[in-house]
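To begin, one chain is listed below as structure tokens, in the form predicted alone.
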């Protein structure tokens, strides 16, 4: 294994909280404020790590295991996603299925931890999380399947390398439709507007944040860091489709992919600044639309 294969997970580990800083700064500028510094998420994580954790007598080991297992799943997933033409250290045929499984595992343990508290509010958030994820996962699977069919590869690294070798004019609309679908999944899975509002404090409208209300200190830091990694990994899939970089093009490829990630974070901040959150009844329609786009991309890939 080449030492450069270790760079994608290292880059994800170091720079994933920066995306949150870019999103928050973009939203602040739209609101006419200076905003927090870009490195504020790093300070928040360090502050949480220095605090103590409080556990309810109602909870069991499931509550304490949720943040640890969830972060572990994201760390394993970071070793599967290539970045900027650099291959992933754990690349193998079918790794895209393992990636989806790790994302599902992180969600499963988070939902279990929320239900373990016995809180009606956290149970409500867990129910919404499971409902929306059941609609987002098919869009993710079908989008990746369309790219696998388009390129004839079943590994993420091979898919992105093949996309970079074929111009968009030759690939047709399939990659674009799949990228749009994955962009919607990116917003939904990371609890961003228009699906969820990460800054809301109204329990009746919260989805992801209400599930972690009882976590504190280092446990909450693990959850926040895992969420930042998830934001980076799903963003890497979107950027990898829109700006495919072939192997052997580093460091220019890494710079291009990094610029794409920053642009995606800015675009996310713009979306959150100009749009309101959808009504909960409208969210399934949005996710079904993403699934329809992925399905159409898969059909076009067979043509």
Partner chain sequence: MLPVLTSLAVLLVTGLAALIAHRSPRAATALGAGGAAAGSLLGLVPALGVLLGDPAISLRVPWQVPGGAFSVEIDALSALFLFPIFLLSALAAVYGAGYLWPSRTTRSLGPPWFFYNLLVACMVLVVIARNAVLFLMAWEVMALASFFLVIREHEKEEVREAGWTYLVATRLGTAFLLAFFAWIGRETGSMEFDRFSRHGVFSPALAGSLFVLAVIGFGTKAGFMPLHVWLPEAHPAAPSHVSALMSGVMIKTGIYGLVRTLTWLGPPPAWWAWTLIAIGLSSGILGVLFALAQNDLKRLLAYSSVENIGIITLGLGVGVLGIHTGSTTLAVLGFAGGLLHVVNHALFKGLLFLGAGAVVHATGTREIDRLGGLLKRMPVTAACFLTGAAAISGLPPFNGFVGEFLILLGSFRGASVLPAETAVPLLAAIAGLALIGGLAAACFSRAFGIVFLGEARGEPVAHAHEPGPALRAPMWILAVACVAVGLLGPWVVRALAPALEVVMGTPVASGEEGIPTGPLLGVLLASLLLLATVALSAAIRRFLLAGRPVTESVTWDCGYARPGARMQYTASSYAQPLTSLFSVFLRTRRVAALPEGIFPSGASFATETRDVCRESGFRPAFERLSRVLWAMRWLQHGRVHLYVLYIALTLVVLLVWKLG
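Numbering follows the first chain given and starts at 1. For clarity, every value in this text was computed on a predicted model and none was experimentally measured.
One more form of this protein should be noted, the form predicted in complex with its partner chain, which is absent from this view; the next part is about it.
K.L.:
Just give me the single entry in 73, 86, 183, 81 that has a non-hydrogen atom within 4.5 angstroms of its partner chain in the predicted bound form.
P.N.:
Among 73, 86, 183, 81, a heavy atom within 4.5 Å of its partner chain in the predicted bound form occurs only for 73.
K.L.:
Of 187, 161, 222, 179, which residue is found within 4.5 angstroms of its partner chain in the predicted bound form when only non-hydrogen atoms are counted?
P.N.:
None of the other options qualify; the answer is 222.
K.L.:
Does its partner chain get within 4.5 angstroms of any non-hydrogen atom of residue 34 in the predicted bound form?
P.N.:
Judged by the heavy-atom cut-off of 4.5 Å, residue 34 is well away from its partner chain in the predicted bound form.
K.L.:
Although the partner isn't part of this model, could you tell me whether residue 289 comes within 4.5 Å of its partner chain in the predicted bound form, counting any heavy atom of the residue?
P.N.:
No, residue 289 stays farther than 4.5 Å from its partner chain in the predicted bound form.
K.L.:
Looking in the predicted bound form, any heavy atom of residue 265 within 4.5 Å of its partner chain?
P.N.:
No, residue 265 stays farther than 4.5 Å from its partner chain in the predicted bound form.
K.L.:
Although its partner chain is absent from this view, report whether residue 242 comes within 4.5 Å of it in the predicted bound form, heavy atoms only.
P.N.:
The answer is no: residue 242 has no heavy atom within 4.5 Å of its partner chain.
K.L.:
Tell me which of 251-259, 35-43, 51-59, 230-238 has residues with heavy atoms within 4.5 angstroms of its partner chain in the predicted bound form?
P.N.:
Selected stretch: 51-59.
K.L.:
If you apply a 4.5 angstroms heavy atom cut-off, which residues in 65-103 are near its partner chain in the predicted bound form?
P.N.:
68, 69, 71, 72, 73, 75, 76, 79, 90, 92, 93, 94, 96, 97, 98, 101, 102, in sequence order.
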